[in-house]
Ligand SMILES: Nc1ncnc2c1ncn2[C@@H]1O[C@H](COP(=O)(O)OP(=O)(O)OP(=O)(O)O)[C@@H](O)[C@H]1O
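Take a look at this single chain, the form predicted alone, given in structure tokens.
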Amino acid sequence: MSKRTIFRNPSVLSPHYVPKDLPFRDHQINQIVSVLSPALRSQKPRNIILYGKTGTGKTCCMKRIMEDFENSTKGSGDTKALIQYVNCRIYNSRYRILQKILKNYCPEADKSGFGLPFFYEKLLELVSDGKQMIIVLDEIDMIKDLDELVYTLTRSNDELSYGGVSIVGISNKLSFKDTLDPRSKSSLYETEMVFPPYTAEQIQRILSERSKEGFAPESVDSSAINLAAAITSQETGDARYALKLINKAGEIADFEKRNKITDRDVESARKRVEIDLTKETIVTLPEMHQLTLYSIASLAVKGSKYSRLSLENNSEQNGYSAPCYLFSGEAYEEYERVCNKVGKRARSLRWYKEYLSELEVLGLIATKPSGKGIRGQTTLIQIGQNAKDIQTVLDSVLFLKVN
């Protein structure tokens, strides 16, 4: 407790902190509020989908609106407006999402053994007296049976004389809707909004404001903030990355018992933050996705048995250097071997391709068709991060040691 530190309030520097003011997002907040505000008048809002790269403020804006929304309904007695947030990376199926929503209102829904019809009837019962339920689906593209979920939620409106259910979807990927059934598209995409990446100047201001609250006075060089903003804007425009970068730089300076964060600390923090972000993504993956990623990382470390073939078949034309990509067939064989090693049943090739697709959405791998120069047609897989780092993370998560 008596140790001197340059931190004043570290929580302010967390990507999960929701500040009172969100710079450069007034326009988006006002648009979302205009779409959802009818719920406060017992009218059904339109569905809305929020797009944008990671760290562009989609979730933060929505949580700020949710706080204001809930504050406006406090003390109003039997409120007719309800709003529920669901992290779809954790709750990634229709069953789990409906159970997550309903257990907040029906404690018995938390018990196992109920089927989908039970949850559907409970949802109808909940809103049938005129309530408007807004369901916020963060990372909506991670839902395995999204078509079925959209059908269930929109169908509920057809059976209600009073009340309604609306959806707010949040996604990092514009193209995910291409996989949806046409009926789901038409019912889901009533309003769409894109959050642009932050510029270097905007990130610099965000970091400056958070640093004033998060660090002790005069403990951050302005050049360090400028460098963190420049690095972030060049790579992603991701405000969460910028916050992690300046926070990690502060930890480095604090550990070395210095009273000011400098450019050197930001440079030192850069690699550590990239590893931390990768780990944060990996540890929340479902087990089969982790096993799939582990097998790809393991194979990338060992090297492809087709590397010589790759060299002979104009790998440069395909956009890959020979050591950097794997054939999907050998990757699937490695996946089967890893599953067998840890006593898990390997899923079919069809499911394996789904896992690859979802890992690609998260930026952990990249895939592309083999194209000309390779016998037959196959998919080439390139790991998106350092393979040894991913192996190390998954060793601790899965308790694996595959030789």
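In this text, rigid core is short for the largest set of C-alphas that superpose within 1.5 Å between two forms. None of the values given here were measured: they were computed from a predicted structure. All residue numbers are counted from 1 along the displayed sequence.
Separately, the form predicted together with the ligand exists; it is not shown, and the next lines address it.
Enquirer: Quick one: find which of 357 to 365, 66 to 74, 48 to 56, 335 to 343 has residues within 4.5 Å of the ligand in the model of the complex by heavy atom distance.
Expert: Stretch 48 to 56 is the one.
Enquirer: Considering non-hydrogen atoms and a 4.5 Å limit, which listed residue (F215, Y198, Y325, Y294) is close to the ligand in the model of the complex?
Expert: The option sitting close enough to the partner is Y198.
Enquirer: Please tell me which of L227, I282, M133, I206 lies within 4.5 Å of the ligand in the model of the complex, judged by heavy atoms.
Expert: If I apply the 4.5 Å criterion carefully, the residue I get is I206.
Enquirer: Mark E139 yes when one of its heavy atoms lies within 4.5 Å of a heavy atom of the ligand in the model of the complex, and no otherwise.
Expert: Output for E139 is yes: heavy atoms within 4.5 Å of the ligand.
Enquirer: In the model of the complex, is there a heavy atom of the ligand that lies within 4.5 Å of any heavy atom of L22, even though the partner is absent here?
Expert: Yes, L22 is a contact residue.
Enquirer: So, K177 and the ligand: in the model of the complex, are they within 4.5 Å at any heavy atom pair?
Expert: No, K177 is distant from the partner.
Enquirer: Evaluate L243 for contact with the ligand in the model of the complex, applying a 4.5 angstroms cut-off between non-hydrogen atoms, and reply yes or no.
Expert: Yes, contact at 4.5 Å.
Enquirer: Can you tell me which bits of 166 to 182 touch the ligand in the model of the complex, meaning any heavy atom within 4.5 Å?
Expert: Result: N172 alone.
Enquirer: Core-aligned, does E201 move its Cα 2 Å or more between the shown form and the other one?
Expert: No; E201 is a residue whose C-alpha shifts by less than 2 Å between the shown form and the other one when the cores are overlaid.
Enquirer: Comparing between the shown form and the other one on the rigid core, is the C-alpha shift at E235 2 Å or larger?
Expert: E235 C-alpha, core-superposed: shift of less than 2 Å.
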